[in-house]
Structure formats: C-alpha cells, structure tokens
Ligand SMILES: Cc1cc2nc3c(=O)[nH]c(=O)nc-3n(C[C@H](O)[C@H](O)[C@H](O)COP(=O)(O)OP(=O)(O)OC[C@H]3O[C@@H](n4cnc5c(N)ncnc54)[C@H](O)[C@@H]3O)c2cc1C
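Quick heads-up: it's one chain on its own, the form predicted on its own, in structure tokens.
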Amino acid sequence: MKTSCGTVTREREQGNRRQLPDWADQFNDLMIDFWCGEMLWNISMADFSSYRVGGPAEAVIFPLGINELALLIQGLRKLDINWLVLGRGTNILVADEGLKGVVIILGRDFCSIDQTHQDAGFELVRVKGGCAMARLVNWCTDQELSGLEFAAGIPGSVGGATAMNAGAWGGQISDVLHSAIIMDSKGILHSKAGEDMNLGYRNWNEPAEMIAVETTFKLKKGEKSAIAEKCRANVSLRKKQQPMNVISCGSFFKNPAPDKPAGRLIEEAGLKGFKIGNVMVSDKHANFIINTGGATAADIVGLMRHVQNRVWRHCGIRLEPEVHLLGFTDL
C-alpha cells in the first residue's frame, strides 16, 4: 500500500486549498492507496501546448505506467470526473477558460521502444504511446529499419500520431501499423490488429476516450545511409515549404481532398499572410495559423473562423480543423 505517496500529495494540496476543484478531496481519498505519480493542480495549459495559449486545467496528472493509468481512469470514472489524454500538445488548442477535470499526460514512463520479432518478413517494433515521433524515427534509423521516413519532422507523440493517423509526403501511420494496444474508458486494455482498425484520413475512428498506449509498427531492414538520407530530404523539404521556429500547431485544417489541399484553398482566397492582431496566416504556407506573440485562444479561433468563412465564400468548401479544439463551449 503506497499510502506515503498519497500523503505527500495531500500535503501539497493543503498549500493550494483555494485553488483546488471541489472533487479534490474525494479524488485523494480514493487514490491514496496506489497513487505515486506526479500531479499538478490548477496549471496553465499554455505550458503543455505548442500554441502557448490556454487557460488552466483543474489538474494535470503524469501516471507511472499502464497499470497506474488504468487505476487512475477507473477512479476518475467512479467519481464522474472528466478526463482527457494528451501527448506532446502539438495538435491542440485549449480555450482561454481552461479545462474542467483531469488532463492525463503520458510522460517518461510511456517512452520505451523495443524491437520484438519478425512477422511475414517485417521487423516488428513496439513503442509506448508517450514516445516522441522524432525519437522513434532516429531510433529506427540507427537500427537500420525503414518505413517511417515519412514521419521525419512530424512533431508529437506516437500515441497521438496513431490516433490521428499522422502522415506526410504520401505516407501515413496506417501504412506501417501492425497492431495497437488501446485502453478504453473503463481502464481495460484491448489488442487490435492493424487490419482490424479502420484508420482514415487524420482519424483512427475510435471513440474519443480510447487511448493508444502502445503501437507496434511493421518495418523493413534497410541501409542506414539510405534511410538517413531520405529522412534528411523530408526534413529539408518540410523546412523549405513550411514555416519553422514559429508558434503554431502545424497544419491547422484538414485537406478536403487530395487534389484540394487546404493551404492552396486559403491562398486562393487571398489570405496568405493575412493578420488579425497577434495571429496570422503564414506567408510561407497558408495552412499554418501562427501566434506571433501574445495571442489568446480566442484570437486564434477568430482567425480560424475568418479563414473558414472566406474559403466558403470563395469556393464553397468548409474547411475542418485538424487541430483539436478543447474546452470551447461555443463551437
């Protein structure tokens, strides 16, 4: 029984009593016997989003492994506390009002990479959901494993990339997906083969509360120099075509169709470089909405709506955000 860990958590709460949500004591009483993970109360989500905006979450929690994650979700379900899981915050926009409930972040205890065995000529690589895509791509290059070169330069975590079927340069996660272990809203694990998953364009078509805690990729042996060169070429092309060293979440809108990229539609609508206050449409790639400094989430949503309306009037296409909008009540 890890009551000492729970006691430390309770002592930390006492110093911030006025900032705690009304469910804090119930949570502490329920979790005290097993909880040893890190927990932050009333913390700004700007610290966990690449957009650097967003109001406070009532609590941010970093579970120490899959078993603790399952117990945490079961406890939150029992107390009827809202929760959501984040990877590295590269594809989210949090409302200025913040988030009710708990934000779960898969941190350092969800970052392992293991090469398991061969299957039908493929090398299988098992990766925990919190692992950064950049780390995985570099690891595969070192191990002379080919198949994920398209992901070079894609930010975020493996779990997030799996859930959105991330892709670039004609490749996507579904192309190399062997299987995944998914946790449901009851904390129960399910193993799914890749062919049984219905991954679509920037969507894995699972219920919103499902968590990709582990993904197994099917890769091929290759020459390290060739793999590294292809990764470098993809990163170089990304730097050439997309704005770098800016505050954004990458591509903001989904492409309506393969022959109708959102960036081109926005540019044709005359919005490339368009700016409202501290938010602008990139003058390098029109599908990037940039926080030029000091913007709020409301500012970014305001420009998003302007772009959607202008493109609709120009060509009759309603652009759909690729970025996940969290905590907004009027969208």
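Since the model is a prediction, treat every value here as computed from it, not as a measurement. Note that residue numbering follows the sequence shown and begins at 1.
Below, we refer to the form predicted together with the named molecule, which is not included among the displayed structures.
Looking at the named molecule in the predicted complex, residues Ser50, Thr90 and Ile211 each place a heavy atom within 4.5 Å of it. Though the partner is left out of this view, Ala166 does reach within 4.5 Å of the named molecule in the predicted complex, counting heavy atoms only. For Cys249, a non-hydrogen atom is located within 4.5 Å of the named molecule in the predicted complex, even though that partner is not displayed. Although the partner is absent here, Arg202 lies within 4.5 Å of the named molecule in the predicted complex, judged by heavy atoms. In the predicted complex, Cys140 stays away from the named molecule, with no heavy atom inside 4.5 Å.
Note on the partner interface in the predicted complex: the residue among Val94, Val127, Leu106, Ala180 having a heavy atom within 4.5 angstroms of the named molecule is Leu106. Think of it this way: in the predicted complex, the named molecule has a heavy atom of just one of Lys224, Lys192, Arg238, Arg135 within 4.5 Å, and the residue is Arg238.
The stretch that touches the named molecule in the predicted complex, counting heavy atoms within 4.5 Å, is 167 to 175, out of 141 to 149, 167 to 175, 111 to 119, 255 to 263. Taking the named molecule as it sits in the predicted complex, the stretch 128 to 166 comes within 4.5 angstroms of it through a non-hydrogen atom at Ile154, Pro155, Gly156, Ser157, Gly159, Gly160, Ala161, Ala163, Met164, Ala166.
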